[in-house]
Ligand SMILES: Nc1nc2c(c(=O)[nH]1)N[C@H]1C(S)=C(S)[C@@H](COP(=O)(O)O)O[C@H]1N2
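Just one chain is shown here, as structure tokens, and it is the form predicted on its own.
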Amino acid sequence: MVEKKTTSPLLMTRRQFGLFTGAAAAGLSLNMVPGFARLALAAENASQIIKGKSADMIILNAKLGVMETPLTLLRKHDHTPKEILFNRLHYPHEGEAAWYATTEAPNRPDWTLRIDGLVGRPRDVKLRDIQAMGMEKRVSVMQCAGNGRSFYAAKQKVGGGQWKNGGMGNVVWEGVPLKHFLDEMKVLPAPGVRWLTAEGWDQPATPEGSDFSKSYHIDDPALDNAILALKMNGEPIPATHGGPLRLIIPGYYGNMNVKFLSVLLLMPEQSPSAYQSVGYRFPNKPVQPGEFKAGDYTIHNSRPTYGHQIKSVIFSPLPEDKPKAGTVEITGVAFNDGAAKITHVQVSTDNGKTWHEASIKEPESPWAWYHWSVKAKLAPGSNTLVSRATDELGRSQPLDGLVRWNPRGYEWNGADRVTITA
């Protein structure tokens, strides 16, 4: 059995010491060393990369097990099954990490969660002790921050997996509420603690690489709904989706929901991990290609990809449905960060010249999919369908998503467009 990484009482591993002395300044490039190219070359479909994944998944990066879901599969389920839920790993899953290249639940009774930093008493909490605590459910959209990245190419293509709309899913999580857990553990933060950092077990490809850790302001209201998740869709969390323990913050992008949770750290400052300080960030002000590059991000000119931007996605009809001209039912989903109810979804069949108000089904939770539908006419020939969601706070999808272009291609939420021939 693979042993979990260990930490000293002060939580200063070799890699973490490197982080605190400036290794993060090297950026994400330190972690881009191909770890198992031979696996990528041998793989013919997604099931050969991640055991248990559907062979119909769209592979974006075989080396890192990055794959998205065809919308024709995604639309079939209210709760996205593990076999077709999009996948995103940050480090190679061979050798010591081979155990998480599967949709099966990991057998890790040895798992512990370290609580450390400026707390009254650092400690290790066993998995079985967490499992014995009362659990709650959270139905929440899980979405990669890069979902929709390929659409930015209409202005200028950016690096990374060229996701369309399949980097998302609607999932039922079950776990111990974070605030309750900290209360049960009698964690007493020292004065000056402003940040909670979560760190995953997965490790970089090179010794000098950055750990995967994410930080949240201790007063962030989203933490009130966070859970230490133990189950996904009623079963133990699959290894590839972060089992046996994952931090789930409903309404937040996938990278903020740390997989393989192994450390909770309370500190005065946020983590200097490259994934927090320079990666997965969005510019504070609009930028144009050439004036702001992927290596220009700092904690001062950008923010982390926290809550979902409001978004809608058309599920039907799609081009492969080959609809007939005349009245058809147009369906899809919408979602946001859960901070306000989605009140309107407008749909057009003529690229935005005229609009129809869709009916919206009540969601299972503030963070879940809002299913919507509307009947409208398709003209013979080419039709461009457009959907646009708006919530109670007045937040709406930009008709031109390119106004939010950024050099890493995050947080695409332009009005969704599908061109079909009737």
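What you see is a predicted model, and the numbers here were worked out from it, not measured in a lab. Note that residue numbering begins at 1 and tracks the sequence as displayed.
The same protein has a further form, the form predicted in complex with this ligand, not shown here; the description that follows concerns it.
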- Note on the structure: Checked Gly254, Pro204, Gly161, Pro250 for heavy atoms within 4.5 Å of this ligand in the model of the complex; positive is Gly254
- The unique member of Val333, Cys144, Val141, Ile227 whose heavy atoms fall within 4.5 Å of this ligand in the model of the complex: Cys144
- Item | Interface stretch in the model of the complex with this ligand - options 337-345, 254-262, 179-187, 294-302, non-hydrogen atom within 4.5 Å | 254-262
- Query: Honest question, do Phe86, His90 and Thr240 all end up within 4.5 Å of this ligand in the model of the complex by heavy atom distance?
  - Reply: yes
- Query: Is there any non-hydrogen atom of Tyr280 lying within 4.5 Å of this ligand in the model of the complex?
  - Reply: yes
- Might Lys231 be said to contact this ligand in the model of the complex, defining contact as any heavy atom within 4.5 Å? no
- Is there a non-hydrogen atom of Arg246 within 4.5 angstroms of a non-hydrogen atom of this ligand in the model of the complex? yes
- Item | Partner contact for Gly200 in the model of the complex: this ligand, 4.5 angstroms, heavy atom | yes
